[in-house]
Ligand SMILES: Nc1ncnc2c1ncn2[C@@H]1O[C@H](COP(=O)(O)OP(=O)(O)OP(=O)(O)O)[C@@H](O)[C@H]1O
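Have a look below at one chain only, the form predicted alone, in structure tokens format.
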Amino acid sequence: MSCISVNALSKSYGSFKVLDSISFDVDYGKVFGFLGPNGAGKTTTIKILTTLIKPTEGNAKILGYDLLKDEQKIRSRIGIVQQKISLENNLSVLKSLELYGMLWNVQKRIREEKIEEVLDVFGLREIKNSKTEELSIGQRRRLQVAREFIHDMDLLFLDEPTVGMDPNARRILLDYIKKKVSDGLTVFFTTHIMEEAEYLCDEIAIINKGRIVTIDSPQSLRKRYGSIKMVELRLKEPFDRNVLNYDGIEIDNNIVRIVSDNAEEMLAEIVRRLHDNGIYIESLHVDSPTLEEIFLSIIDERYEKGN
């Protein structure tokens, strides 16, 4: 049984369809990335799966519970960090954490232990007595994420959680999530930062215009949609350029660059030609496409087909 199992979920507002019959499964103890351009339907999906709004059609199972029948049971076992920052401005960082723990009925001793932990993990200790309205955007975001770890949960929804964070704070958060996942937490994660998705996610779904375009691991997405852009070979010494008389080849002294759409196919032939001429390769570097480049190519392709 999956942690999340979505079946033909749709959401419409009048004649406008935000989600168009999407289906996917999320395994327990994994990070599921949900990526797409602005307006693709990511936040709407999270709002449905966290029982904040109802779907127009379809259904889902969350932690084994029916989305439409077991709302309270689902809410009691999930956490959510929404894209919009929501904090109590008149409270200090410490009081905000304490209040959140109390709202979740976390026992005082456990609450105090968890507060001490997140104050250190998220770099909030020095500002624990500051009111939230005095904090920077990055500090508010860290507090919003930190308080979610005060209570126990089986499933955490993170909607653009690192917006406003500096690179160091982002990496600390991602590493902390990885640790929690290794302890059994399941995470549903949206982001516009592809490096985050590649670092954190076990599986990625790409949504565009309310429809799921593809679902796969980051590694498999590279294999399916990415092709090697450039191969650079450093040879032991300069050589006769006529040995490699191919289109798509750049030669700079003893460095050969293959810049072609079929670089992988050309590489085998070039290695064979060099070997036949007694020319030895000192090193080889392959420039593979980034996840961001793959994401953009998928979205652009689907956009062109849809128009």
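Predicted model only: the values in this text are computed from it and were never measured. For every residue, the number given is its place in the sequence shown, counted from 1.
One more form of this protein, predicted together with the ligand, exists but is not displayed; see below.
Using a 4.5 angstroms threshold between heavy atoms, Ala60 stays clear of the ligand in the predicted bound form. When contacts are judged by a 4.5 Å heavy atom cut-off, Asn242 does not count as touching the ligand in the predicted bound form.
The ligand in the predicted bound form is approached by Gly41, whose closest heavy atom lies within 4.5 angstroms of it. Taking the partner from elsewhere, Pro37 is found to have a heavy atom lying within 4.5 Å of the ligand in the predicted bound form. Checking His192, Lys180, Arg170, Arg211 against the ligand in the predicted bound form, a heavy atom within 4.5 Å turns up for just one residue: His192. In summary, among the residues Asn89, Ser136, Gln83, Gln219, the only one with a non-hydrogen atom within 4.5 Å of the ligand in the predicted bound form is Gln83. Residue Glu160 is the only one in 138-169 with at least one heavy atom within 4.5 Å of the ligand in the predicted bound form.
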